[in-house]
Structure formats: C-alpha cells, structure tokens
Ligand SMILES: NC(=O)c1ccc[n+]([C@@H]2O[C@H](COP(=O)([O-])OP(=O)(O)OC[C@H]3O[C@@H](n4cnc5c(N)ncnc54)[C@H](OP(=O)(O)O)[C@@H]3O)[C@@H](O)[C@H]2O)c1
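To begin, one chain is listed below as structure tokens, in the form predicted alone.
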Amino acid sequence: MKLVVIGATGRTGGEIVAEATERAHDVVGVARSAGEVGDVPVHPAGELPALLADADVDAIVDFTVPEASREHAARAAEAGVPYVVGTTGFGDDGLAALDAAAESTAVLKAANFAHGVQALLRVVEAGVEALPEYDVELTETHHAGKRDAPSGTANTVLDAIEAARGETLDRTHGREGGHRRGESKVGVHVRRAGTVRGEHEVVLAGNDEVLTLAHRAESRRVFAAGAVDAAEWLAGRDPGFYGFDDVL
C-alpha cells in the first residue's frame, strides 16, 4: 500500500511513519518543510496536490492542526484518495469541510486510534445506562504541549455519556466558588503536564459506591498502529464518513 503521512515530522506522525514502514508499506512523508524521517523522504506541504496527482496513493493519514487539515481534506477529495484524519480541535467549519470531502472520497475521523479507547467508550455507555442516577465526572491528562482542552478523546467520551443518558448535559469545566453540584451536570477536569501520552478516567458515583473506568496510553505507538490499521481498512472504500469503531 502507498501511504502519504501528513505531519510526518511531528511526534505522532513520526510514529506512524515508523509503524507503516515496519509493515512494509510504501510511505511518503509530508510536512511544513522538506527533510527525512528515518529513510522516508518528507516533502513540503505545498507539494501535496502534485504528490496525489502523480503517485498511485492508496490512503492519506493526517495528524496536523485543524486549519491545515481542512485544506488537506479538500485535496484528498479532489484526488479521490481515502483520507484518515486524527487531528483534533475542529470547529463547525472544519467538520463541515470533512463532511464535504466525504461526498467525494472515503473519510475516517477519530479523536483517538487506540483500540482500548474504543472499548472504553462502549463500557462507559453501558455503565451510564446501568447507573442513570449516578453523578458522572471526567478527568483527562495529556502532555504539556497539547493545545486543545478538553482533548478530542475527552469530548468523544462526553458525547458517549450524553448519548447513554439521552440528554445534553451541562459540561462543568472545573469548579470554583461555593455552588453545589446540580443535576444534569458532568464535571470535566483537564490536566497538562510533562510527557503524559494520554489518560482518561470516568467516575460514576452514587448509592455509597464509586465505579471508575479508565484508559492510559503508555506510548504514542498505540495511536500510530491504530491509524495505520484505519488506513489499511479505508483504502478502496466507497466515499462516505467513517469512524474508528467501523474498523474494529
């Protein structure tokens, strides 16, 4: 499989390049400027349209920033190349751009490509459905350099909680002052420190008991492996919008 990795010189992008290379895929890197990641050539981002036009590319994997990913999605759609995006922090305009791209090519978006996080989402939904009267709190921790807060994964978990509850909850980001915890609230607590890869913990409390559901990534390689899994699965798919749960 020929795979274009956009953001190849980034932390996760470099891991994706290494994972895809180990699987014997033909990898081409794209980043802000030319260079190499290991033995893989990295082209400047301005060359992406030419790469997609001249090369027989099976899939793109993009881990960059929302503003750039909007452009990359459009280029993927123009070339008809399946597009896997792990970028987080999209606003409504960015999500609309992905929807538009999905009309012309296969698009797979996920906030987290760890297999365990997909299992966590399923377990969280089951737990919230089974304990509808319990208070729910979410804490997430990432490295000091992460930009978006809460993380994309945290927002996905919150969406799963709301789906299980069948209502839109008041997402209370931290607490300050003397107010009591009200109904239809979910506490959201964000920590940024050191080199933490990613930790997410959901607490359900009530009836004099506490249920804790958690996932911890110990290496970025788990995200890279999942992203390559997604690219392998997406290659050759019909146009449309897919999720990582489809892959699993």
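Since the model is a prediction, treat every value here as computed from it, not as a measurement. One-based numbering along the sequence shown.
The same protein also has a form predicted in complex with the ligand, omitted here; what follows describes it.
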{"property": "Contact residue in the predicted complex, chosen from 115, 146, 75, 171 - any heavy atom within 4.5 Å of the ligand", "result": "146"}
{"property": "Close approach of residue 111 to the ligand in the predicted complex, 4.5 Å, heavy atom", "result": "yes"}
{"property": "4.5 Å heavy atom contact, residue 33 and the ligand in the predicted complex", "result": "yes"}
{"property": "In the predicted complex, residue 9 touching the ligand (heavy atom, 4.5 Å)", "result": "yes"}
{"property": "Interface membership of residue 68, the ligand in the predicted complex, 4.5 Å heavy atom rule", "result": "yes"}
{"property": "Which of 122-130, 75-83, 155-163, 103-111 sits within 4.5 Å of the ligand in the predicted complex, heavy atom basis", "result": "103-111"}
{"property": "Residues within stretch 84-105 having a non-hydrogen atom within 4.5 Å of the ligand in the predicted complex", "result": "86, 87, 88"}
